[in-house]
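This text opens with one protein chain seen in two forms, each one given by itself as structure tokens under the names structure 1 and structure 2.
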Structure 1
């Protein structure tokens, strides 16, 4: 159980049966009045955000959140199959719950799966992943059209802006937090 004195940016609380993360927090107390705790909350399942003001007497449940390391096995339509690397238990996470993570998931990749009441609600990827370019327009030497980058498609189907010299078949390091190209990886 949390009280209002525990509230701060980054704290995760349970509210109306859903897990929320506090993304912004302000303590206020009008003169001689009661303490008010204004929170910006983001639903960790739906991503919806809203403001809510609490009073000192309010209490909050800790959400039952856990993290397990899992290996991505394969995708079948919108179903993404993962395996717990310790228990070998297999689970399915739907594509819409994974969000942008599907841009960077390749077979056998290890990720941290976040579970709420033992139900998977999201994954944390490694900060950097290496992905192979499967489609790139050739670089025309002497092209002076002015563009410093060009789009290429990587094995997950994700399209990323890269320098013009990148070619099909090359491996790229991509930052999963920003979705941006970092460097070319030599193998």
Structure 2
């Protein structure tokens, strides 16, 4: 059980049988009365967010969350198939549940799958992934449009801004947390 003194940004709690993560937290102590804890909560299954204020006497359950290392196998339409690396059990996670993670998933990549009551609700990617450029338009020297970057498309279909010297066939390191180009990868 959690109490209001345990509340902080990033804490996962269970409300009404669903798992929530605290995305923003504010403590206030009015002159009279109990302390108030204003939290921004995001449902970890649906993604819906809302504000709720708690009093110092409130208590919260810990959600039944677990993480398992799984390997991404393939995508078929909006279904993404993963395999548990220990039991070889396969699961399907829908595109809506994965969100932006679909931009960085490549075959055989190992990820941590978050499970709520043994039901998959999301994945944690490695911080950096190496992806191959499949489309890069040539950069025109002297282009004074104001930026020294150009868009390229990587093997997952994700479009990222890179320096003008990047060409098709090169491997790039991309930060999965921000979606930005980091560096070229030497083969």
Partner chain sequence: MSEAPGGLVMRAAVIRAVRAFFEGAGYLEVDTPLRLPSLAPEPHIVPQASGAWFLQTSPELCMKRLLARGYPKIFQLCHCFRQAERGRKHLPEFTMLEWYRAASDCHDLMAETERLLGVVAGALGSGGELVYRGQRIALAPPWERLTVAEAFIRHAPVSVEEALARGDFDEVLVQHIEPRLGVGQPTFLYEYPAALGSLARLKPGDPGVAERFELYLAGVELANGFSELTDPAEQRRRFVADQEAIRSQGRDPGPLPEKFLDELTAMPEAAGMALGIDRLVMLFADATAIDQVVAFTPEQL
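What we label the rigid core is the largest C-alpha set whose atoms superpose within 1.5 Å from one form to the other. Positions refer to the first chain, counted from 1. On a predicted model such as this, the values are computed, not experimentally measured, just so you know.
Between the two isolated copies of the chain, the second is the form predicted on its own. Of the listed residues 121, 66, 27, 134, only 66 lies at a hinge between rigid parts moving between structure 1 and structure 2; the rest are more than 12 positions from any hinge. Relative to the larger rigid part, the smaller one is rotated between structure 1 and structure 2 by 11°, as taken from C-alpha superpositions. Shown is the Cα shift of residue 32 between structure 1 and structure 2 after rigid core superposition, which amounts to 4.7 Å. Core-aligned Cα shift between structure 1 and structure 2 at residue 57: this is 3.8 Å.
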